[in-house]
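What follows is one chain in C-alpha cells, specifically the form predicted alone.
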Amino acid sequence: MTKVHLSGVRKSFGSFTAIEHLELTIESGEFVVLLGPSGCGKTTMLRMIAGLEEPSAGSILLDGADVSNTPVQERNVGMVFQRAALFPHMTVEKNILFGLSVRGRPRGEMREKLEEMLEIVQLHDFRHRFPAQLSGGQMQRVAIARTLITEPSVLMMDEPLAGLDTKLRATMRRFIRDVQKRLRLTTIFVTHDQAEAMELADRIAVIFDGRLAQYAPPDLLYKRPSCMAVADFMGVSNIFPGTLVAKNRVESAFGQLRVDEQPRCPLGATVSLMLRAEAIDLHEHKEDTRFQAIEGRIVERDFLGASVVYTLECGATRIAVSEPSRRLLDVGRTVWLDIAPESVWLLSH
C-alpha cells in the first residue's frame, strides 16, 4: 500500500492553468475519487500522479519520496483508461500476461499470477476468447487484470465505466470496489458521475476549474457541502437565501426555520439554506408533522420509478421534494412540508 501526497501542485499548458496550487493526501489503501465536471482538471491530475505529465510547480510524493520528475516506468503505478485498449489478436490470458511478458518474468511465475488474476476478475471460462468475443464489462475486467498483475503500488482509473450501459456500470462498480477491498490497494478513480463517486469512494475530491473545492467522505460531502457550487453539484437541492436571526433559527422566504446550531455563521449573516429534496417529509394533514410545518401546493410531479419528485409552491417559493414512489399525490393538492432542524444546512456567502 502506498500513500500519495500532492503539495502545491500546479499544471499549466502555455497561458492556460489546468491545476492551481493543489494540496491533496491519499492514505495507503484508500479509495479516492476525483469528481468534477468535464474539463475541470481531473484527468490532468491523474496523469501527473502517473508520470504521464510533469507538474509545472509543486511536488508529487509516493510514500514520502518525491517522484515529480520520475519517469512513468519507474513509478510502479497502474492505469486503466476509459477504453480497454486490448490487443485484438491476443486471447484474454495473453492480454492479461502482456505486462509481465515484456518484463521478462519467468514462465512459472507468470502462470501462477495469471490464475490468480483470472480468479479475481472471474474470467476463468473466458481465458481463451478474443476481445471481439467479450462484452464491454468483460473487456474492462481484462484491462483491470492486465494492470493488477504487474502489482502496482497505486491503481489509477480514468472513467473506466463511461462506455458501459447503466446496469453494467452498476455491476462493474461493485466489482471494482470488491477487488480494491480485497487487495487493499491505494486507488484513484476519475469520474463526473456523482452517484458513481459516492458508491465507490472512501473520500471524494471535488474539483472545479483546477481547484480543490472540497475533500471529504461521501456522506459529509453530500450533507455538509462547503460551498454553493459543491451543494449544487452533488444532487437535487433546494437552495434559498435567508438571514440567521438566532443560533438555531433562520428567516427565509417561506417563514422562519429551526436549524441545528451552526456557529460558523454569525448572527445577522446573510446565508443560503440548503434543503436536500429527500430530507423533506410530506404530509397530507398538518397535525401529522413533527417539527415545523410549511404549507405547499403540488404543481408538478415527476415519476422516476423507485422515487417520485414533486415541485411545490410555498408562497412565492418553489421547492423540490423527493420520496419513494409507494404513493402518488395528485398535482394541485395541498400538503404540509415537515422539515427537521438537522436537515437545514447553511452556506455562508
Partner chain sequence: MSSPIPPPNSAPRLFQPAQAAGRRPALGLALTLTPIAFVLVLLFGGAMLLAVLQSLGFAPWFGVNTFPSLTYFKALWASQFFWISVGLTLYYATASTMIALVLAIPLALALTKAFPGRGLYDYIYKLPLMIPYLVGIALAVLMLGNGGILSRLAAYVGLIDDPGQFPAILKTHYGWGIITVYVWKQTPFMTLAIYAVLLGVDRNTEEAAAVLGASPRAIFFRVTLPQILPGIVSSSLICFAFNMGAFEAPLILGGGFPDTLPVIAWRYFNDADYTLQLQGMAAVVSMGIISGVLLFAYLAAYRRYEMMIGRV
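What we label the rigid core is the largest C-alpha set whose atoms superpose within 1.5 Å from one form to the other. Given the structure is predicted, the values throughout are model-derived calculations rather than measurements. Positions refer to the first chain, counted from 1.
Not pictured, yet referred to below: the form predicted together with its partner chain.
- No residue in the set A253, H285 and T334 has a non-hydrogen atom no more than 4.5 Å from its partner chain in the model of the complex.
- None of 223 to 231, 174 to 182, 141 to 149, 253 to 261 except one has non-hydrogen atoms within 4.5 angstroms of its partner chain in the model of the complex; the exception is 141 to 149.
- This chain is drawn without its partner chain; in the model of the complex, the residue among L86, V271, V121, A213 with a heavy atom within 4.5 Å of it is L86.
- Proximity to its partner chain in the model of the complex, defined as a heavy atom within 4.5 Å, holds among P160, P218, G99, G242 only for G99.
- With a 4.5 Å cutoff on heavy atoms, L267 does not count as touching its partner chain in the model of the complex; it lies far away.
- Contact annotation for L52: at least one heavy atom lies within 4.5 Å of its partner chain in the model of the complex.
- Remark: R111 counts among the residues lining its partner chain in the model of the complex, judged by a heavy atom distance of 4.5 Å or less.
- In the model of the complex, none of the heavy atoms of A197 sits within 4.5 Å of a heavy atom of its partner chain.
- Interface residues of 66 to 80, taken as those with a heavy atom within 4.5 Å of its partner chain in the model of the complex (partner not displayed): V72, Q73, V77, G78, M79, in sequence order.
- Superposition of the core reveals a Cα shift of less than 2 Å for P218 between this form and the one not shown.
- Superposition of the core reveals a Cα shift of less than 2 Å for R184 between this form and the one not shown.
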